[in-house]
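Shown below, as structure tokens, is a lone chain in the form predicted on its own; questions about how it binds or moves come after it.
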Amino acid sequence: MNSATTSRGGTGGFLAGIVGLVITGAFVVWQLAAQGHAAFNTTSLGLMWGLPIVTYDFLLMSSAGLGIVAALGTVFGLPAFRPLARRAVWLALALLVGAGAALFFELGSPLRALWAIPLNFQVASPLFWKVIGVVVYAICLILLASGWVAKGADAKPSSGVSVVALVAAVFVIFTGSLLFATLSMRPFWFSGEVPVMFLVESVLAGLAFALLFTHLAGTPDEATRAAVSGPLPRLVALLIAIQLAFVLGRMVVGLAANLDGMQVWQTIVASPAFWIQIAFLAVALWLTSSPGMRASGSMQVAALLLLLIALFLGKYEFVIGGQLVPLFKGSWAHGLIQYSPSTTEWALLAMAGFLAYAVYAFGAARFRLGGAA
């Protein structure tokens, strides 16, 4: 695939992303202007984080995972990751923009949050440190994008910025996981394995995004072709196996537990979405571990798409499932809290996706995203 073809494809993708962004964004703004936060199906009974937070967390953690994938090429110099580094940096920035948009529209007072969270100095809260980490990470991505990705093929990434970006990405994943893992009143979340699970999910999602868009853009050089058909799919298969172990292990422990708050697992395993997640992970594992399937670009695209859908379903199950048991049973709510995303919430998910894709497509049209770091 030559550069002219790549540019035309990127331009077409950018226009498609802008059109989708305008349509979905206009609907979200209209609904929020007319109904306010009531446009979301979250409640005051204890389920306050709905699909917009799932969208935000999935995109943010995937962006951090892409930052780690890029660093494996730029910081550690691993040959298999170097052809993906430029694309991973730009994708990380695109997903971070989409995540910020999802959170911005979910918050009741987004402008106030910009200064209130960092300036309240609540240093005991993981949220305070997460915001600091996201700000540092965003600055590093902007510096790498402007000082390296946007320049010619001979440009080299700043080693100092790359190292700080790596540290910030890991820090964002760690503090993001602690927002859930330290909440002892939510036994579904309160667990020491959650930070490790978040790290595996984030790296797996980041690698899946990088490989997917590399396949879609074409693989013009031998080093990239060797990476996307050899060691990287095998690494994806290994991480999928670990992810499956996490999901199934949590399920077994959850079903066996008699701790109040863990009864939500009965509802989760009865949901078709949970078993779709398991099935998609299993199929993706087969497609990425089979030598014959790894040689097929179309099969790898299918595997990566199934994998990303499964990871999003897992994020939804984790964030929503942890809130289904009301904290004040009998006083505020009887039984489990019922939740299904509203049309506005689905539109916000689409809007964040279109925005992230438009940012990525702009870079694909303007810059050289492939090739060695």
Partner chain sequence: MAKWGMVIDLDKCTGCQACTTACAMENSRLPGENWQDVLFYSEGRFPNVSIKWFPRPCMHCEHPSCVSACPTRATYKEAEGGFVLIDWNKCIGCKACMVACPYGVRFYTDERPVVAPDIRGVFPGKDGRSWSPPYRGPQDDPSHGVGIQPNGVVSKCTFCYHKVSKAPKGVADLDEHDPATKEFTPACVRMCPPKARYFGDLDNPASTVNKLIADKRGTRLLDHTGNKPQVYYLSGGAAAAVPSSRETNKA
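Residue numbers count along the first chain shown, from 1. Since the model is a prediction, treat every value here as computed from it, not as a measurement.
The form predicted together with the partner chain is left out here; the points below concern that form.
For the three marked residues, D57, R234 and Q243, no heavy atom of any sits within 4.5 Å of the partner chain in the predicted complex.
Distance criterion of 4.5 Å from any heavy atom to the partner chain in the predicted complex singles out W115 from the list W115, W275, W286, F76.
The partner chain is not drawn, but in the predicted complex it has a heavy atom within 4.5 Å of Q323.
Looking at Q122, you'd find a heavy atom of it within 4.5 angstroms of the partner chain in the predicted complex. Heavy atoms of V194 never reach within 4.5 Å of the partner chain in the predicted complex, leaving it off the interface. Taking the partner from elsewhere, R82 is found to have every heavy atom lying beyond 4.5 Å of the partner chain in the predicted complex.
Note on the interface: of 165-173, 209-217, 87-95, 122-130, the segment with non-hydrogen atoms within 4.5 angstroms of the partner chain in the predicted complex is 122-130. Interface residues of 168-195, taken as those with a heavy atom within 4.5 Å of the partner chain in the predicted complex (partner not displayed): L179, L183, S184, M185, R186, W189, in sequence order.
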